[in-house]
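Presented as structure tokens, the chain that follows is alone, the form predicted alone.
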């Protein structure tokens, strides 16, 4: 059965990976998210922007994957930014106290300007 998650990944600039997700991020799809992000890191991404504009559902396992990716990138001087989260996803981050840990951006263009500096 096809997973209810679409993943697009690409490099921007020299060291920014963009992961655009659409659908559901949960226990069944978290490994695909991690693998796609690790692929960008292997291509040289030091910073990762995760575009959640198309995400309709995310649970704590999705947060766990993002926390793990952040830990990995912070160790090497990078970061993970969250782009275009819907209101319910923002609340999920807030409840977990992660809104203070992940930079949040309203749209991808602004995120690329900030992170690409």
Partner chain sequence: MSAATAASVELRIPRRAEFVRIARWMTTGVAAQLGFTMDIVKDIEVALGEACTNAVEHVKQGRKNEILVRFTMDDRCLAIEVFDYGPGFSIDGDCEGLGLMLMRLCMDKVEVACDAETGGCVRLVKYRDGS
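Predicted model only: the values in this text are computed from it and were never measured. Positions refer to the first chain, counted from 1.
Omitted from view is the form predicted in complex with its partner chain, to which the following refers.
Is residue 24 close enough to its partner chain in the predicted complex to count, meaning some heavy atom within 4.5 Å?
It does: once its partner chain is placed as it appears in the predicted complex, residue 24 has a heavy atom within 4.5 Å of it.
In the predicted complex, does residue 74 come within 4.5 Å of its partner chain, counting heavy atoms only?
Heavy-atom contact with its partner chain at 4.5 Å: absent for residue 74.
Heavy atoms within 4.5 Å of its partner chain in the predicted complex: does residue 116 have any?
Contact check for residue 116: no, nothing within 4.5 Å of its partner chain in the predicted complex.
Do residue 60 and its partner chain share at least one heavy atom pair within 4.5 Å in the predicted complex?
The answer is yes: residue 60 has a heavy atom within 4.5 Å of its partner chain.
So its partner chain isn't shown here. In the predicted complex, which residue out of 104, 101, 96, 11 has a non-hydrogen atom within 4.5 Å of it?
Exactly one residue meets the criterion: 96.
Just give me the residues of 85 to 110, first to last, that have a heavy atom within 4.5 Å of its partner chain in the predicted complex.
Read in sequence order, the residues that approach its partner chain (within 4.5 Å, in the predicted complex) are 88, 91, 92, 95, 96.
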